[in-house]
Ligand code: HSE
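First, one chain by itself in structure tokens, the form predicted on its own.
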């Protein structure tokens, strides 16, 4: 296999290092604006040199973002080249188009590195989907937010302090919005849901709340409740054929499985009608774990595994989060406007417990209350 590598950043350099030890996969060209000593003979700033090279049969897209990643991927598929990608943002927004193009052009689009890093979650989800009626999936899919929440919980430190340290250590991006606002988790949920339920899920249909506004005072209340906060993705079939799909901070019991997932680790679970509950844990992001997943994708293409496993969803899911209900922790300086039990003062505001309400209602309520209280924070409460 001869590949064109798009991007030589953290993950791109990782996959290049991984592939140097193989004699059956060769990096022929690297699309990169910056020059790296010793790699000048491979590097180019002109994508056409990769696209028009008949010896390159597979493109590995690791530049991230929507564009030019989307355009480059479309061009590669139309040119009859396989594509392997870990770009969850681009995949979640263009999944139908990319899978359709791959099928039409007789090539493979491998994207399981986009969810869970080295955890073989999407790969097994594809296998399960062919033998079982999958009912739900949930878990921790963003290592950065899990690290922040874990350190805040164990050490009692504030959000800004822990985030700054995570950025210094390379766990969080300089602009952490995709992580702390839940967008990264939202994209991964859309991709996993499409595989599990065989219906595409639009990111804009997912109710999403991040952890940007969590405070040390909130953690004190969580400990008093014997709870641990984790950012969880949730998707499940509703009785009427629609699905629920949402991302939100969630208070789980202190002895729950997710509470024991520390630092930047991930855990993802799937429930099937026949297989029951299966849980996958491990490193969900980072240079080596993600490069490992990309390498597995390349190996699967060579072995013909992708063609047998990669199902193409049909149509778009109707997302209805009104059918998911639970109580919430709510901290705000505004009047809640719904029946609540006050827990006490917190960070110049008040902390409350709501009665059970739908996910749709809570996310809509928070959006309205933020006009008066931009630093409002809420978290679902799971039994």
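Residue numbers count along the first chain shown, from 1. These figures come from a predicted structure and were not determined experimentally.
Beyond what is shown, the protein has a form predicted together with L-homoserine; the following relates to that form.
Among heavy atoms of residue 234, none comes within 4.5 Å of L-homoserine in the model of the complex.
In the model of the complex, L-homoserine lies within 4.5 Å of some heavy atom of residue 188.
Although the partner is absent from this view, residue 284 contacts L-homoserine in the model of the complex, with a non-hydrogen atom inside 4.5 angstroms. Contact annotation for residue 142: at least one heavy atom lies within 4.5 Å of L-homoserine in the model of the complex.
Stretch 179-187 is the answer when you ask which of 179-187, 194-202, 101-109, 304-312 has residues with heavy atoms within 4.5 Å of L-homoserine in the model of the complex. Contact with L-homoserine in the model of the complex, judged by any heavy atom within 4.5 Å, is made by just one of 172, 95, 252, 126: 172.
Contact annotation for 86-101: a single residue, 88, has a non-hydrogen atom within 4.5 angstroms of L-homoserine in the model of the complex.
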